[in-house]
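Same protein, same chain, two forms; see structure 1 and structure 2 below, as structure tokens.
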Structure 1
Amino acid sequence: MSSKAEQKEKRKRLPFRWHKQDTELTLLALPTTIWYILFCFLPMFGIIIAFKNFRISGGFLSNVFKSPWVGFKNFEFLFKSNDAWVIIRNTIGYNIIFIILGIVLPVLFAIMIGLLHSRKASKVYQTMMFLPYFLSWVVVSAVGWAFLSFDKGIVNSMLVNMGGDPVNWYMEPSYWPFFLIFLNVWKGLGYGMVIYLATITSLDSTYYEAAIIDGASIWQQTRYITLPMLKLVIVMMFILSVGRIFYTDFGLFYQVTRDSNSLFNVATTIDVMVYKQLKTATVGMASAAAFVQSVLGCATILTANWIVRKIDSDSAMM
């Protein structure tokens, strides 16, 4: 505590001066800064499209500036749409499940792999779990089709061979929440695990040695050493994923379901809708939807951080 105060004092007493060190660090940060300005800050002005009746009158910029303002008219369709409720329910519902599973399962597997004695085996398992992450959803969609297609699918031909009737999987909404959740977990598990595993392997082994001498079982070691040490990382990952609660993986919900009409109620999320609007409706409407998504996302991340700070201020990010 005292050292922190001391440091502050020191900093205050120093006159503001540009150090050589500052130049170096600034230069080092320059590429990233430029990248951020170009690709993260400049595109933000596109938000005004959501409030405009988009008209062509030259290049993109002059289109944006010369189009007439329409206030909140572009937002109307979002809230007048009959399916707004279904879409928001899907988006948030799936995300809540993904967030929970996306923390519980990777932590569980990370702990299990961390406990393995054989280094080789743990590397092999880890790599195998990581592999699906590198597949694009388009590929996954094709693989899914190979399994679930009505006439040529593996699952259906197995069903028929066993004397059952083939099922038209892409027209049965009741199965799809499970398929989607399974695929998301399958694809994201290895990636989610990396950070937890890195934390676990970097934990000071003396804690465990002391615990073993005291006669702690593996369960007790996990419960009283590993999990408390992981808490900070878990909370951080939680806040990060909550901030994206209004975003969904477009590939998963659009590609894998093959845009099947029958699955509308279980597979349409905000991103899918924005894409479909872009195809048929105006740019203004699509950007309005994306704008609402960003604002809500920003609100949720701030709320989540606020709640975390109330409970445990050390874990909060901001």
Structure 2
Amino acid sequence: MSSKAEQKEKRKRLPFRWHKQDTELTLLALPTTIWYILFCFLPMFGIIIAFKNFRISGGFLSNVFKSPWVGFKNFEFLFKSNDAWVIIRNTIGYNIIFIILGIVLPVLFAIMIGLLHSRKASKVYQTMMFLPYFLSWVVVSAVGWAFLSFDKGIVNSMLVNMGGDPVNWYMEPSYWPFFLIFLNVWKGLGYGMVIYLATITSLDSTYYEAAIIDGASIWQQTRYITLPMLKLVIVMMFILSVGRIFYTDFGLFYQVTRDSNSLFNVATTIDVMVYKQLKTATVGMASAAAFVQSVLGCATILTANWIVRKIDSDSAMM
């Protein structure tokens, strides 16, 4: 019997008791619970809009109840669109790459920084890698334009000075998958690294001292101590990332690419398509797309957790 099952069995045998500490913890959790009810559960009532021909012409609630039912008609635009395959492929394809790189690179850099003996150098590197996380995509878009502009961009100026021809970057789809992946990694690397680094710094140093006495190399310490200790955090981050596989960062795919029509096949995702639909169509279609994203995200996160539980039940979240 696994340790979790044993603990569950022990809890069943214990008689129900309400301690003073339970009251204190309940009061402590009360504000968060109220916040979740008000801003996370009550708004779920809005799901009904996905099944109605909703029009904004007065009060919200009166419009919701007066709008006629249209069944699954709002969902048709998502799946019957001529570009549905391209949009779904971009959304899932980019997210798979982001999930892999979003785990491998932060873990790698966290281990490297954790091995540094100089605390000052470690803080400097952490700060430098964390700073891009605070930049908005609008600012990143402006910086990207400064580099990639056809007539005034730094990159084209360098190409011309070296005798080459300028490139119209915003009209060349072949380059943008690499640009988008690079920018996503660059912006999120520091945030992910801090999570793993916090775990590494909290590990018991006696493990490493014993390993050094036994003659273990740095690679052996990493393989047999650090990585096994990070496994739970890595699995947790993986499951949470999988739950967002049908969502994309709107700013990355819309702001950075400047909504260039030439980049449609490589930069249009579900979120970008929904925004464009909102400008020309109805709220119901956007709600339907968001509903599909939520359902599929919930299904994928439960599936990922189920697979993890089958492989290693102690690493599963639920």
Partner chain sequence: MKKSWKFISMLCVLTLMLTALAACGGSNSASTTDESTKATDAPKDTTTVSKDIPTLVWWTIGGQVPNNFSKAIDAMNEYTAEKIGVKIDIKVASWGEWDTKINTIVNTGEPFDIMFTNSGKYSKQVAMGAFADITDLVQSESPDLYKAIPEKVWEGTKIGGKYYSVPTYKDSALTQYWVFDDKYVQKYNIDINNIKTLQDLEKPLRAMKAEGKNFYPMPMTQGDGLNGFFNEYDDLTLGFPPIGVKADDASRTVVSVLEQPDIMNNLKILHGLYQDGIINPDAPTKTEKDKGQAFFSAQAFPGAEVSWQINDAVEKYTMFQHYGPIYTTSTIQGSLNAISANSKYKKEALKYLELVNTDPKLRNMLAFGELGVDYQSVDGEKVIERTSDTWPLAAYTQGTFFDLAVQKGAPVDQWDQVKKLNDAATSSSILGFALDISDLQTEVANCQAVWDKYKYEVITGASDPEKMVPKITAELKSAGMDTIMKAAQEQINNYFK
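Whichever C-alpha set is largest while still superposing within 1.5 Å between the two forms counts as the rigid core. Structure 1's sequence is the ruler for residue numbers, which start at 1. As the structure is a prediction and not an experimental result, all values here were calculated from the model.
- One chain, two forms displayed separately, with the form predicted together with its partner chain being the first of them, structure 1.
- After superposition on the rigid core, the Cα of Thr303 moves by less than 2 Å between structure 1 and structure 2.
- Superposed on the core, the two forms barely differ at Asn261: its CA moves less than 2 Å between structure 1 and structure 2.
- After superposition on the rigid core, the Cα atom of Thr26 is displaced by 2 Å or more between structure 1 and structure 2.
- Superposed on the rigid core, the forms differ at Arg55: its CA is offset by 3.2 Å between structure 1 and structure 2.
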